[in-house]
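Next up: just one chain, as structure tokens, the form predicted on its own.
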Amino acid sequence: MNKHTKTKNDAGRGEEKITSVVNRRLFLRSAGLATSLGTIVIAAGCNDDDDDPMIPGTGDTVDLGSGDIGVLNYAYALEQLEAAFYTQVIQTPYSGMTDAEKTILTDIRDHEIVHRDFFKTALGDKAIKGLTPNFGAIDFTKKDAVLGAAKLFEDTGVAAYNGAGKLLKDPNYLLLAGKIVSVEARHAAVIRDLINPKSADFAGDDIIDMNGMDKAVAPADILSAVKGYVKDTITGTNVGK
């Protein structure tokens, strides 16, 4: 077996090892999810003392940790925020939401919940607690306000994954992060299309540079950008170190 083949196979086994931990929970999500935070069901196989990922935090300081664990907790924190946002969007649809819009936003909600639960399960006892969202500045009754916030969250999420990828040391984590960020980019594109249909804004100059590349933003800048949407103070000083 040559070196290239061995490395490729090792990466595949590593990914399989990571994902096997959460598969029993996540495959059930494809059939649909409850629309209420209080009625989301986690599949059987969890310990009785597992923390409920939807129990809110207390608004205090949360340290993401260091190394790859810090990067994964960073992603977990952002996925918590996105999952909570889209859950609220579907619980309280904005005025005039069409069936097509509801279908798209429900699909995004389901993806974000799967992402959130994936990171929580993969991290195990290294996972940060459930965060407390702060969406008081968003008027969920208005389409422009909701889609504007969605655009911010999705664009920020893509830039966050791009900026954090280089900090990961385990190539298996990098592979999984790459798969998730590609989904986040699809979300970002469809939200932009909902805001400005049939335009080129789905890949606008504000997010794509002259080389056709998405922005990559450092964790410190991302956490600063989203801090107004979470009550907890998130500390990511040692992420990736």
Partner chain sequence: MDIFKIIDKFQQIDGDAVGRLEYASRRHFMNRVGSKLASAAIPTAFAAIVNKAFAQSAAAVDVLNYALTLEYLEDEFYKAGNAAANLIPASDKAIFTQIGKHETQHVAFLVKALGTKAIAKPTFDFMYGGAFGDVFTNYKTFVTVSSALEDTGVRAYKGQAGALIADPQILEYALQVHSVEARHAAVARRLAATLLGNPAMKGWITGKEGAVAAIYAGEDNMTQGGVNIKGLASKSDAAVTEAFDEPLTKEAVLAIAGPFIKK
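Numbering follows the first chain given and starts at 1. On a predicted model such as this, the values are computed, not experimentally measured, just so you know.
FYI, the form predicted together with its partner chain isn't displayed, but the following is about it.
Asker: Please identify the residue among Ala150, Val114, Ala77, Ala84 with any heavy atom within 4.5 Å of its partner chain in the predicted bound form.
Answerer: Exactly one residue meets the criterion: Val114.
Asker: Can all three of Leu176, Arg186 and Ala203 be found with a heavy atom no more than 4.5 Å from its partner chain in the predicted bound form?
Answerer: Every listed residue reaches its partner chain in the predicted bound form, so yes.
Asker: With the partner left out here, check for me: in the predicted bound form, does some heavy atom of Asp63 sit within 4.5 Å of its partner chain?
Answerer: It does not: once its partner chain is placed as it appears in the predicted bound form, Asp63 has no heavy atom within 4.5 Å of it.
Asker: I'd like to know whether Ile69 contacts its partner chain in the predicted bound form, with contact meaning heavy atoms within 4.5 angstroms.
Answerer: Because no heavy atom of Ile69 falls inside 4.5 Å of its partner chain in the predicted bound form, the answer is no.
Asker: Is there a non-hydrogen atom of Gly163 within 4.5 angstroms of a non-hydrogen atom of its partner chain in the predicted bound form?
Answerer: Contact check for Gly163: yes, within 4.5 Å of its partner chain in the predicted bound form.
Asker: Please determine whether Asp107 contacts its partner chain in the predicted bound form, using a 4.5 Å cut-off between heavy atoms.
Answerer: Judged by the heavy-atom cut-off of 4.5 Å, Asp107 is in contact with its partner chain in the predicted bound form.
Asker: Among 89 to 97, 167 to 175, 123 to 131, 140 to 148, which stretch has residues whose heavy atoms lie within 4.5 Å of its partner chain in the predicted bound form?
Answerer: Looking at the partner contacts, the answer comes out as 167 to 175.
Asker: Could you run down 203 to 241 and flag each residue that has a heavy atom within 4.5 Å of its partner chain in the predicted bound form?
Answerer: Counting only heavy atoms within 4.5 Å of its partner chain in the predicted bound form, the contacting residues of 203 to 241 are Ala203, Gly204, Asp205, Ile207, Ile208, Asp209, Met210, Asn211, Gly212, Met213, Asp214, Lys215, Ala216.
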